[in-house]
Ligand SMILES: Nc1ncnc2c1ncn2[C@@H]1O[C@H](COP(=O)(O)OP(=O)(O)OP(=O)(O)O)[C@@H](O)[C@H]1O
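A single chain, nothing else alongside it, follows as structure tokens in the form predicted on its own.
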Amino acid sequence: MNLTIITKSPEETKNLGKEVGKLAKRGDLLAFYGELGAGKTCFIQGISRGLEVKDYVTSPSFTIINEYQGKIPIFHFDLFRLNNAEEILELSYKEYFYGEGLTVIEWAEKIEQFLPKEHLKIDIKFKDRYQRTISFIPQGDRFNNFLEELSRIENIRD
């Protein structure tokens, strides 16, 4: 089951992220796809709200990984500056991808061959200046169930 939702503002994108954050469990991995400025970090800020992170969440463009503490730890990867997929090997990525927190990855297309079989692909596209088309594509049973739960939330669809 794929799910597509249109958000009409950055705040709506964050609110959708917040609902995703509330459903996230330890060991989940969310792989984000989308152009520069599409709203990946905005969505992840919402996820962090849903997990009650107190820190301000920013994209770890220069450090590659930021860690945040909430109800569960969040490991936020930004792979924009990664030159080749093998560079992920230097980051002990398996400790994060298969660990006790939620892993969120911006620019996941750069390391697709390293992603676990079970993950949720989230593709964010520009619809216009403010609106975004957000497509959820589950990889594995865990995320089919996840999307069923997400689709049942009131006011989540346009």
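Bear in mind that the values here come from a model prediction, so they are computed numbers and not experimental data. Numbering starts at 1 and follows the sequence shown.
Keep in mind that the form predicted together with the ligand is missing from the display, and what follows is about it.
Of the residues given (122, 38, 108, 57), 38 alone sits with a heavy atom within 4.5 Å of the ligand in the predicted bound form. Proximity of residue 66 to the ligand in the predicted bound form: non-hydrogen atoms within 4.5 Å are absent; the residue sits far from the partner.
Residue 8 belongs to the set of residues with a heavy atom inside 4.5 Å of the ligand in the predicted bound form. At the 4.5 Å threshold, heavy atoms of residue 51 stay clear of the ligand in the predicted bound form, well away from it. Using a 4.5 Å cutoff between non-hydrogen atoms, residue 30 does not count as a contact of the ligand in the predicted bound form.
Stretch-level contact check against the ligand in the predicted bound form with heavy atoms at 4.5 Å: of 114-122, 128-136, 94-102, 66-74, the positive one is 128-136. Of all the residues from 72-99, the single one having a non-hydrogen atom no more than 4.5 Å from the ligand in the predicted bound form is 78.
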